[in-house]
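Okay, so here's just one chain, in structure tokens, the form predicted alone.
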């Protein structure tokens, strides 16, 4: 693992205003603020619209050209002296988990905005245009899969298929909700050259914080497969049906989930396997559950191992269902191979840290990001900064202002030098 403790500092291209970045993060965090100090701003809800509106207003104040594409992605452009050159892009997402934190996603968006503001302050021109992007629905809470808008941009997923995705209640679709909140744009989604994409993020894990290292140069991300499992039994009266005659879908689902947890320890290095969503029918206190639907999220950095996990996962589910006399339906909702980021982009992050005298280390991402999709259509890199104790997807998610500002400085330097300064 490559690590740099120090570099030869040189002057920055422009000065990042860390206080301004922090203030923007705190103002955005008020939209969807939760009692536990976090944020619940689900994709394509009214709160998401409010966050988008605030971001767009800031972009307009910074004299950025804003356009909305057909997946609702917001692209804010700072022109270059060569306006037809492919842009150097950055960005992330503004939607959150139901009980999420203030920084996951929002930091990548607002660090990109701060890059634009800082370059404006210093009157620095770049040859290639720069863009900051808000990608729609990275988290995948309401519409199964996650990062669908960046997947459409990268050509991984069809536009019409994505717009037709139902929400988890089956009452509306992605496209209908985009229209309802006023972000069903008409600009094309993808199909154009991109010079490079850099995404800044909190690590969402403990490595940088434990090491006391302010910057991670991200080499790539784990492969991921997501599933939806439906277990079908039979409803019955909780007081009158004997235990040995029951076909309890909840008991079957619980056994499956426990078996999947054990499966993770049969591989080295361990994958991570998570069930984070559960729906019970009829969901009544005194009725034996007749149907349970739950999610599986499995991740590993090696694609061959991920394929082996997939096979064993399917076998475990079938064996458990057969033993209990339960029906089983398994749908793979998404799959992503392990991602290797562009070596030149990774080196650009390392070089920026060295120029600014900031310690860094190479790191892999355990989480999925929009950058994983962009890597399919453009040279891509990521910049990680520490989050306290590695806590994320949690109301207690926290990051230090000085680390966030440092990551933004690296982002600015990498983007501006890639684009070429005048």
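These numbers were taken from a predicted model, which means no experiment stands behind them. Positions refer to the first chain, counted from 1.
Omitted here: the form predicted in complex with a further copy of the same chain. The next part is about that form.
inquiry  = Only one of 328, 99, 308, 219 gets a heavy atom within 4.5 Å of a further copy of the same chain in the model of the complex. Which one?
reply    = None of the others qualify; the residue that does is 99.
query = Between the options 304, 164, 179, 278, which residue brings a heavy atom to within 4.5 Å of a further copy of the same chain in the model of the complex?
reply = By the 4.5 Å criterion, the partner-contacting residue is 278.
request  = Verify the flagged residues 226, 264 and 299 against a further copy of the same chain in the model of the complex: is each one within 4.5 Å by a non-hydrogen atom?
outcome  = Yes, because 226, 264 and 299 each have a heavy atom that approaches a further copy of the same chain to within 4.5 Å in the model of the complex.
Which of 171-179, 270-278, 123-131, 343-351 sits within 4.5 Å of a further copy of the same chain in the model of the complex, heavy atom basis = Only one stretch qualifies here: 270-278.
key: 4.5 Å heavy atom contact, residue 234 and a further copy of the same chain in the model of the complex   = The answer is yes: residue 234 has a heavy atom within 4.5 Å of a further copy of the same chain.
key: residue 56: touches a further copy of the same chain in the model of the complex, heavy atom cutoff 4.5 angstroms   = Flag for residue 56 set to no.
query = Counting only non-hydrogen atoms and a 4.5 angstroms cut-off, does residue 361 reach a further copy of the same chain in the model of the complex?
reply = Residue 361: no contact with a further copy of the same chain in the model of the complex.
ask   = Heavy atom to heavy atom, is residue 139 within 4.5 Å of a further copy of the same chain in the model of the complex?
value = Residue 139: contacts a further copy of the same chain in the model of the complex.
key: Residues in 381-410 close to a further copy of the same chain in the model of the complex, defined by a heavy atom within 4.5 Å, in order   = The stretch touches the partner through 392, 393, 394, 395, 396.
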